[in-house]
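Below sits a lone chain in structure tokens, taken as the form predicted alone.
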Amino acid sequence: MDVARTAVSIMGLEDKETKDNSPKANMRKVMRIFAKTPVALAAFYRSRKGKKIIQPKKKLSFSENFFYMCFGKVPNKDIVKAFDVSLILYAEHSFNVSTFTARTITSSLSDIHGAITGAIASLKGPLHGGANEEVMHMMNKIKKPENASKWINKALDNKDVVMGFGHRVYKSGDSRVPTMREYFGKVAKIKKDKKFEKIYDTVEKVMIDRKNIYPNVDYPTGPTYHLMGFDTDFFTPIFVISRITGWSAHIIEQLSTNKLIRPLAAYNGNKHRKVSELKNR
């Protein structure tokens, strides 16, 4: 996430149109950010493993190129389709924290690179992004399907936070989950690995039965990315390359009828506070 944030910031430093907030210039910049960010992330993915950086190919699609730049090959078309679907589901999601951050930065008439950099910084926070990574960490702790029921029941007894469940907006289930769950199953079948599906189903059932809390989209997405071969700490950066589209749409909309976003704070402390003299401090 630090690499994603820094890469977009550097793009703003190098882009000759950074200061131009006109609709046409912003659209050109959006396309450059959308195109360059996955290239930068894939280059980092390779370099940290000591492997040669791979340049994108024009004949490949967006998702095909990301796989190619990370792994040096394009996988089964159904896996590419599953990745496409995940990006579509992640692309835009109304007024979440990172989107609100982007719009707030934009409302001061700052540049689009700065707004997206701020959005990435917001998404980096574990209370917003990172749930798909935590889901995978949880599944790795469970290790095998026969451990799942005992593990999740113990977690609930201890009042531990179970990542990948619940949503501030969707109280009765995330509408994106059924689609992502379907593609999780397809990828698991291709990879001939049913372990995570079995863990998934057991944990989901216990969470619904005991807490009436349903999965959010991060729950099926985490193990799907794992089966695709991505490192766990790369799941949220993948989120970034998708959500750039949603953030950009909000930024452009904000600028079209802009008004400075300036919330007020209501002080609820003591009415009178005694100030100590300097000599007594």
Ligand code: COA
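We number the residues from 1 along the sequence you see. All values reported here derive from a predicted model rather than from experimental measurement.
Although it is not shown, the form predicted in complex with the named molecule is what the next lines describe.
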Interface segment, criterion being heavy atoms within 4.5 Å of the named molecule in the predicted bound form, picked from 103-111, 71-79, 121-129, 197-205: 121-129
Residue contact check: Lys171 to the named molecule in the predicted bound form, 4.5 Å heavy atom: yes
Touches the named molecule in the predicted bound form: Ile142 (any heavy atom, 4.5 Å): no
Any non-hydrogen atom of Thr236 within 4.5 angstroms of the named molecule in the predicted bound form: no
Touches the named molecule in the predicted bound form: Ala188 (any heavy atom, 4.5 Å): no
Heavy atom within 4.5 Å of the named molecule in the predicted bound form - residue from Asp193, Glu146, Glu92, Asp160: Asp160
Contacting member of Leu255, Val39, Val30, Ile213, with respect to the named molecule in the predicted bound form [4.5 Å, heavy atom]: Ile213
